[in-house]
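Below, in C-alpha cells: the form predicted on its own, a single chain.
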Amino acid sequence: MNPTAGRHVVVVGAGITGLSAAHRLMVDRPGLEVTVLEAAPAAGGRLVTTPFAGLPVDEGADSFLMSVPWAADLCTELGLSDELVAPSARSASLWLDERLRPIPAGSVLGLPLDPAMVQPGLLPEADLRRLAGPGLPEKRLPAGDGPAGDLSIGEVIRSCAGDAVLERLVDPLLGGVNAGLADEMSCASMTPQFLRAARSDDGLLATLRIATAGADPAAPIFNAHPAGMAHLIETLVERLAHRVRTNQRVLSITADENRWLIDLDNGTETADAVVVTTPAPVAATLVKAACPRAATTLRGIRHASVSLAAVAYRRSDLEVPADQSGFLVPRGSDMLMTACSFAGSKWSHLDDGEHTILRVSAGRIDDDRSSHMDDDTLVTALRRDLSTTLGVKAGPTAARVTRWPDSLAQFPVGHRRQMAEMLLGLNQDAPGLFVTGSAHNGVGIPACVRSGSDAAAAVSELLG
C-alpha cells in the first residue's frame, strides 16, 4: 500500500524553491496530492526572462553554478542538460585604482592561489608574499559548528591571506553576489570550503591548491539556458500542471487537530503538511500563529535591496572585449553600480551582432541609494558610471530597470545554527509545517533547489 495515497501537501510559493519541492514530492511520492499556491499571476519568483532589445534577457539570475550539483541534477532530470550553454567569455575584471584590472586566473571565489597570476600593483608586496605561502592563520581558528566555531569570511581571509586580498578581491566577488559585507558574512554558510581549508594543518591556500589541482580549467563554471532561466520555471510548471495555482494569496496557516488550514482570499485549503517557501518576511507572517519563535527568527533576517538595469548600446558606440564577461566594483569606489555583466560577450545567444547589451547591478546591504531613485534617475546615474569605466558617451538604444526590494537574504555569523534551531522549533511546535527558501541555504539557484528538495525529503519522512 502507498502510505501517502490520499494525503495532501500544500506548497506556498511558486519560485524555484517551491517548484523544486513540489516536483520532488510529485516524483518521489506517487499518489500524494500536491498543490502549489502562488500569490502572483505567474510562477517563477525572481527567475524572470523577458524580451529586451529583441533578445531573451533575464531580469534576475541569468545562470547557475556547476560546482554544486543541485541545479544541474534538476536540469538533467527535466531533460534540459543538452540544451544548457556555458559562457563564451570566462575572464572578468575589477574596477580598482580608477581602471579595470583582471581578476587573477585560478582564483577560488576571488582568492588567488598563485601570486604569479596577480597583476603587478594589484596587491601590496606583503600580501603577495603571504599568497606564496600555505595560508596558515595568524592564530588558530576555533573548531566546531557551535556559535564560536563559525567565523566571518572576512576574519578567515584576513587571518590567512591579508587585508588587501579580502578588500580588493574577495569582498567584491562574494559581497557582490550577495549584496553583503564579507566581514559580516558567515563562512560556514557561504564558503564552508574556506573554513575547512583554513582549519587544516596545511593552511587555507595549500589545501585549496590541492583541492583544485585536478580541476579541468576548461570546465564550465556556470550554465544557462539560451531561452533564459525562466525556461527552467516553465518546464517545472508544465510537469506540475494543474498542481500549480496562481493568483492564490495565502492569508494565514493554522493547525486544526491533525490537519492544517490554509486560508486564502477565496477560500480554505486543508493539508496534512505545508511547505512555506516565500521570502522570509512573508513566511514570518504566515507561521506566526503556529510557531511564534520561528516567526521571530524569520523577521530578524536582514535583506538587501538591489536593482538590475539592462542597457543596450549600438555596437558602433560601445564594443567590449569578447573574452571578458564583465567587471565588479568594490565598495569605496564612490560608484553606484556594483557590477556590470557583458551579456552579449558572456552568452553567445545574447549577441545579435548589432548591440552591446549590459546588465548593470546596484544596491548593497550598506548602500540603498538606488532604491530611492526613480528609473530615469537610476539609469542616468548608471550611465555616468559606465562612461567612467567603459568610456561610452553615446546614449543607449534601450534601457530597462528591474527592482528587487528586500530580495537578498544576509547570512551573518551563526546563521546556519540559527536556521537549524528554527527548524527544530517548527518540528516541536508545529509538526507538519516546514519553512525553507533563499534565506536558508543561499540565494543562488542551486541553493534554492537544494532547499526545496530538503523540505520535500522532510515531508516524506513525516508522512512515512
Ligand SMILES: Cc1cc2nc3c(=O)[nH]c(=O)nc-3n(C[C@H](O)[C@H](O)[C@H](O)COP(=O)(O)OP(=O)(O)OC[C@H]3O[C@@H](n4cnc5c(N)ncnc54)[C@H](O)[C@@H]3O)c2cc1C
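Predicted, not measured: the structure shown is a model, and the values here were computed from it. Numbering starts at 1 and runs along the sequence shown.
What comes next is about the form predicted together with this ligand, which does not appear here.
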property	result
This ligand in the predicted complex reached by all of 87, 326 and 356, non-hydrogen atom within 4.5 Å	no
The single option of 306, 382, 204, 294 touching this ligand in the predicted complex, heavy atom within 4.5 Å	306
Proximity to this ligand in the predicted complex (heavy atom, within 4.5 Å), stretch among 393 to 401, 418 to 426, 49 to 57, 33 to 41	33 to 41
Contact test in the predicted complex: residue 248 vs this ligand, heavy atoms, 4.5 Å	yes
Any non-hydrogen atom of residue 410 within 4.5 angstroms of this ligand in the predicted complex	no
Touches this ligand in the predicted complex: residue 45 (any heavy atom, 4.5 Å)	yes
Residue 289, heavy atom within 4.5 angstroms of this ligand in the predicted complex	no
Any residue of 436 to 460 that, in the predicted complex, places a heavy atom within 4.5 Å of this ligand	437, 438, 443, 444, 445, 446, 448
